[in-house]
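The form predicted alone is given below as one chain in structure tokens.
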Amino acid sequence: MSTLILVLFLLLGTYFVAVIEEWSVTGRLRPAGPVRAALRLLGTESVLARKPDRLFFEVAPVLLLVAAILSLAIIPLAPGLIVTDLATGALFFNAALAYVLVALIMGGWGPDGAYAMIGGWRFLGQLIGYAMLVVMPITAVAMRSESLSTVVIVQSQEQLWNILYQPLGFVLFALAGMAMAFVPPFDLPTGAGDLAGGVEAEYTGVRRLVFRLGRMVLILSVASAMTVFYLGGWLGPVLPGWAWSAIKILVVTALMLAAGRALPRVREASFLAWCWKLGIPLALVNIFLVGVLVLVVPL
């Protein structure tokens, strides 16, 4: 039964993410939109680039999807409703999504196209910027829960959610998570305005469908991590735990995509400068403040 619920969460969650993203772009809520888009891509011929690195070209979309799915394996939807409760689950999340960079570099290199390659290297610039802003807020979360297990992290928030206990860490992690999922305003790797699709520019048909599916699962994974680390996961009154997890994840996804469209796009060089000159010092301040709170006002 739990396996069925987890599979349904993955399928329905990805579908709702696609619906929400279309709404954030067009302003129209069309439940059938993702189905039509998928059928349109399935009916499109899969064109191969003239001089591709065939291995990288074929593997990149699949690797993106696999990395995103693996990162969801340590996300608990309710007590006992988790694929694997690793003792180092919070770090496994970051480790699994490190392969997103590998997938995008492969996707940029494989087609032997200028736009795709620039998109891949743009994401490398983003990674250098956000990498520490993912790990350092997670460190502060683990300090409070005294564990890297995502289940224990949720349980540690019974009295007070981490978004209230460490709001600075939440803001930093949210921005880093948006950059990790390359959603606006951090969508430089797939910039439609200047790169005509970037890393996915050379993909058509089924290959592009797999690439976009991986991106939807990636957004779902980042929203799920925010829910677990900062919003109390399954904790909530009346409704069952899995229902609270689903509601929170969908709300976080909607806010993340809607807010991203309202923010100005930042060049990867500027993003890197802001992260290292301002983001990392603030993350260190957050760790210090949480350490003091843990010692003085343990909750």
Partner chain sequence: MFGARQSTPVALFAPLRRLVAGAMARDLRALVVPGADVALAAGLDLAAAGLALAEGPRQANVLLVILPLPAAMLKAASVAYAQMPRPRAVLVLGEGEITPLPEADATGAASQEGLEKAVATLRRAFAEGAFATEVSDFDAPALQTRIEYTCPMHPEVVSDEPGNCPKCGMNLVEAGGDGGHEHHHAAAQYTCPMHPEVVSDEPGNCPKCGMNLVEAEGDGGHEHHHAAAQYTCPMHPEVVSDEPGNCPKCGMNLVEAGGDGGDGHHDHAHHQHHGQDGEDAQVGWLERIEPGFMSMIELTEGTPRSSDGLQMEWIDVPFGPLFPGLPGGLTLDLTLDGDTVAGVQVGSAVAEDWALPDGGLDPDTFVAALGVQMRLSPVSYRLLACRALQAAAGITPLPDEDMLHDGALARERLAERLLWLAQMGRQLGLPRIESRAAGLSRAIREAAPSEIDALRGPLSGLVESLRKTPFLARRLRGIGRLDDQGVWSGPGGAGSDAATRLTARLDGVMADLAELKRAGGISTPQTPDVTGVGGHGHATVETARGPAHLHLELSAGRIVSASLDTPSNRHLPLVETVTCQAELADALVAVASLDLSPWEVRA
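Positions refer to the first chain, counted from 1. Keep in mind the model is a prediction, meaning the values are calculated, not measured.
What follows is about the form predicted in complex with its partner chain, which we do not show.
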Is residue 247 close enough to touch its partner chain in the predicted bound form, meaning at least one heavy atom pair within 4.5 Å? no
Hey, in the predicted bound form, does residue 25 get a heavy atom within 4.5 angstroms of its partner chain? yes
How about residue 225: is it within 4.5 Å of its partner chain in the predicted bound form, going by heavy atoms? no
Contact with its partner chain in the predicted bound form for residue 176, defined as at least one heavy atom pair within 4.5 Å: yes or no? no
Exactly one of 251, 263, 29, 243 comes within 4.5 Å of its partner chain in the predicted bound form through a heavy atom, and that residue is 263
Can you tell me which residues in 106-123 come within 4.5 angstroms of its partner chain in the predicted bound form, by heavy atoms? 114, 115, 117, 118, 122
